[in-house]
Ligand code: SIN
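Let's start with one chain on its own, the form predicted alone, as structure tokens.
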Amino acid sequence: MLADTVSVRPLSPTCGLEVEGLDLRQIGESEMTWLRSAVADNGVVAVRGQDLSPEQHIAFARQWGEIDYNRFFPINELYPEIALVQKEENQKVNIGGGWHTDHSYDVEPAMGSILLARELPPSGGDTLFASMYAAYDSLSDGLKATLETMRAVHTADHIYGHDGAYAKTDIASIFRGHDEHTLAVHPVIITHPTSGRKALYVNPSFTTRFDGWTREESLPLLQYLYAQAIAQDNVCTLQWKPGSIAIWDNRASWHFAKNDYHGHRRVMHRITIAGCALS
């Protein structure tokens, strides 16, 4: 339950909430219960007006579960729990500039992330989110029934490896874990472990093919699913403001960091929360 001083508004009909008047430094158990359900149900919750130190950011994250230490992103040297999602004034490529859900390449994918704005450009740098509940709901009954029997292969080797996508960009030097190899196989349709709702669980960045299918056979159906997932009614925009923090659920949503602020610095602190096997 939330106090009368807390306001909540939807970011779109299917995805995302914006909350004002909540202090995450001293959040109570009833507020945490509400917040956990809100994130699971809506994919992402943006909480405005926060003033968290790194220690407070970590303490808040630990209320969600075990921290998943990122093995690819640069990290805050003083606080290894915090991954740095940043772009400098002279860089052209950003981190997360494509539709994805974090850590789907892990056997137990991360539950979600808690991203805190530290330094923002004068304009731009919004993050888009898409509801995977709505993506599932948009499919025909026949396609749902077919997908229920299928699994998909996920990996990050083509993204973070020595010859991966980031290795060819101007931010190649910031990444770690080039020798890490990732491979996971997950159901294409999952039942969300908290909400109990059905969700589509493939994504353009890390899903390479359906299990038992070739890449060439998989692409037409994958591309159809991706198009359904980002239909206009499915997507919400999170406009960052100083002190904003976003909490999202990787099992219920995708996200996309817009890269429209060239010549300006953007620094975000991200803590990722461990998850569980999906079914």
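All residue numbers are counted from 1 along the displayed sequence. This is a predicted model, so every value here is computed, not measured.
Beyond the structure shown, there is the form predicted in complex with this ligand, which is absent from this document and is the topic of what follows.
At a distance of at most 4.5 angstroms from this ligand in the predicted bound form, none of the three residues T14, A130 and Y136 contributes a non-hydrogen atom. The shortest heavy atom separation between I95 and this ligand in the predicted bound form is within 4.5 Å. This ligand in the predicted bound form comes within 4.5 Å of no heavy atom belonging to M111. For the chain shown alone, H186 is not a contact residue for this ligand in the predicted bound form, no non-hydrogen atom being within 4.5 angstroms.
In the predicted bound form, no heavy atom of F210 sits within 4.5 Å of this ligand. The candidate stretches are 148-156, 98-106, 74-82, 168-176, and the one lying within 4.5 Å of this ligand in the predicted bound form by heavy atoms is 98-106. For the partner-free chain shown, nothing in 16-34 comes within 4.5 angstroms of this ligand in the predicted bound form, judged by any non-hydrogen atom.
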